[in-house]
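What follows is one chain in structure tokens, specifically the form predicted on its own.
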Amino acid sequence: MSHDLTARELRDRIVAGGLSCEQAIQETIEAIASWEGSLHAFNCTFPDSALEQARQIDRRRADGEPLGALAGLPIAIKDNLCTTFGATTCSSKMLANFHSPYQATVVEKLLGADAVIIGKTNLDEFAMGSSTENSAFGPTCNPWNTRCVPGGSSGGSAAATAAGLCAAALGSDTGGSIRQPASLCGIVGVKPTYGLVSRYGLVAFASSLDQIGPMARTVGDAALLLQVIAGPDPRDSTSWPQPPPDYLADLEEPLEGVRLGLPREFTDERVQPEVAAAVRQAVEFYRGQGADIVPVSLPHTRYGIAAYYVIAPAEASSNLARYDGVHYGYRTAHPEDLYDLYAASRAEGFGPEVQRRIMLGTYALSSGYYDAYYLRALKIRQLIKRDFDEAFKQCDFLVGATSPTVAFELGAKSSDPLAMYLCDVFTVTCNIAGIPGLSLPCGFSAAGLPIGLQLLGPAFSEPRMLRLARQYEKHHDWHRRRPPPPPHATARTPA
């Protein structure tokens, strides 16, 4: 079956004519039909247009025309990326019927590389969450155990990729939203250096933290997707102006003499024993490959969650002010006056978690509290960045657990926002500092749930980071394992 192949294997078969693109897309559509009732990974799919695009690719191949780097691959994209086809909902009632007049840069690049966009995936509303339970359209489930969460906020992309419902996917990462669900679903997720991938067309959550990145079942597939979407974009003022290197050129070459930093702040009592054991085994593997393991400290990590949950909500408060019931989006039915139009539209259109973060951010920016909260958080941000700069003087990359736990059951942390926020304790500082991060599978718990290993590197170190990850992947089979067959479809829990 085509969905058992890696993305690169599938592309090569399509290009060589060993498998028609139409057949690959048809098998993907059938796989989605088998899984979707149990997972709810997608907010919408595009079977008709995907099949038509597949037929066009097959015709072009038959005519000897050159095909793009992603020729015929079924790719899923997170539903906070603007497309001129289908709705762009951010899994929110506020944008349930929003149809974008323009396309995100990464979507244009995917289509330009002959990818077939198979659907748009579920997420925590406006990417605010760590479990994909905060969606207005219902939660997504983990394909390894459908009673568990897939992580968030890119949980739909992670679940779809892990279950083989796409060859690869795009997610967005504001505080771990690619890496944490990648860890919980047993796939590879890359959060690129801030500015490496254009954010044009990404519905903003926290603009100084957001970054789009690839999610795939192997390091090579993630590198392939990053190769396509990275690069400068004049429509994004924060875009890095230099063209990206070739992430696939030296991917199979192991890194020699690498120094891996083991932050003491990433090994505390919050890490489940099974997770800690899997990470230790991964570290010992690298030691056996000749890596020097260097103890380092990131002393301001303990302030990371607090700083993040001031900076991100403050930026969200500003970015989401545009959804006021007047310009576009949801509008309350019978407002009494203009004030009621604003208040009721936002109260009805936003879910509880989004409302909570807007209020937190507005409070942090309000007169009399700006210096005490937002300004202090920005100072902490500089200290966190300085911690990483100092650590990378002692080592080449940092290594640790992506998530302190494996996937937890649906609803287990819904009533405790702080417990949910702590799911991202090892991932938020990467976004605060703007550096790249990667999660790859490094084991399974006794209950059969995936465990992720996180690599963090200096800005624009993606080529070497991918090589380091591939070095581990080549000697282990975690990425080859697949979730059990889909269970019988279950009713979705209402939002």
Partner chain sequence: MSSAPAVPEYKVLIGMEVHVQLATRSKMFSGAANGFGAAPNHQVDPVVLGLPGVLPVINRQAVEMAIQVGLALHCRIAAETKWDRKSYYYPDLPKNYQISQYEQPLCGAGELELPLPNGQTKLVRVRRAHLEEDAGKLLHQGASGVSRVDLNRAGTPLLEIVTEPDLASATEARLFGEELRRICRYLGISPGIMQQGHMRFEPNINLHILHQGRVVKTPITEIKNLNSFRALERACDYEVQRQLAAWRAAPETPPDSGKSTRGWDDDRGVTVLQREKEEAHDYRYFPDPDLVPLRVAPAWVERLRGQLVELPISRRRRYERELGLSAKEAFALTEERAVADLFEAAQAGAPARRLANLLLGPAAKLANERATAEGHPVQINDLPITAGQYAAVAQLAETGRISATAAASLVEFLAAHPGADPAAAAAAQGLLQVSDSATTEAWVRQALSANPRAVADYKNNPKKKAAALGFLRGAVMKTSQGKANPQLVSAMLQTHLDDPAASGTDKL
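Residue numbers count along the first chain shown, from 1. Predicted, not measured: the structure shown is a model, and the values here were computed from it.
A second form of this protein, the form predicted in complex with its partner chain, is not displayed here; the remarks below concern that form.
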### Task
Although its partner chain is absent from this view, report whether Tyr323 comes within 4.5 Å of it in the predicted complex, heavy atoms only.
yes
### Exercise: Arg356 in contact with its partner chain in the predicted complex, heavy atom 4.5 Å
no
### Query
Heavy atom to heavy atom, is Leu95 within 4.5 Å of its partner chain in the predicted complex?
yes
### Message
Please determine whether Glu315 contacts its partner chain in the predicted complex, using a 4.5 Å cut-off between heavy atoms.
### Response
yes
### Task
Report the stretch among 265 to 273, 315 to 323, 419 to 427, 184 to 192 that approaches its partner chain in the predicted complex to within 4.5 Å, counting heavy atoms only.
315 to 323
### Query
Can you pick the one in Gln242, Thr84, Ser237, Gln394 that has a heavy atom within 4.5 Å of its partner chain in the predicted complex?
Ser237
### Listed residue that, although its partner chain is not shown, lies within 4.5 Å of it in the predicted complex (heavy atoms), from Tyr342, Tyr303, Tyr330, Tyr286
Tyr342
#### Entry: its partner chain in the predicted complex - contacting residues of 345 to 366, heavy atom within 4.5 Å
Arg346, Thr362, Leu365, Ser366
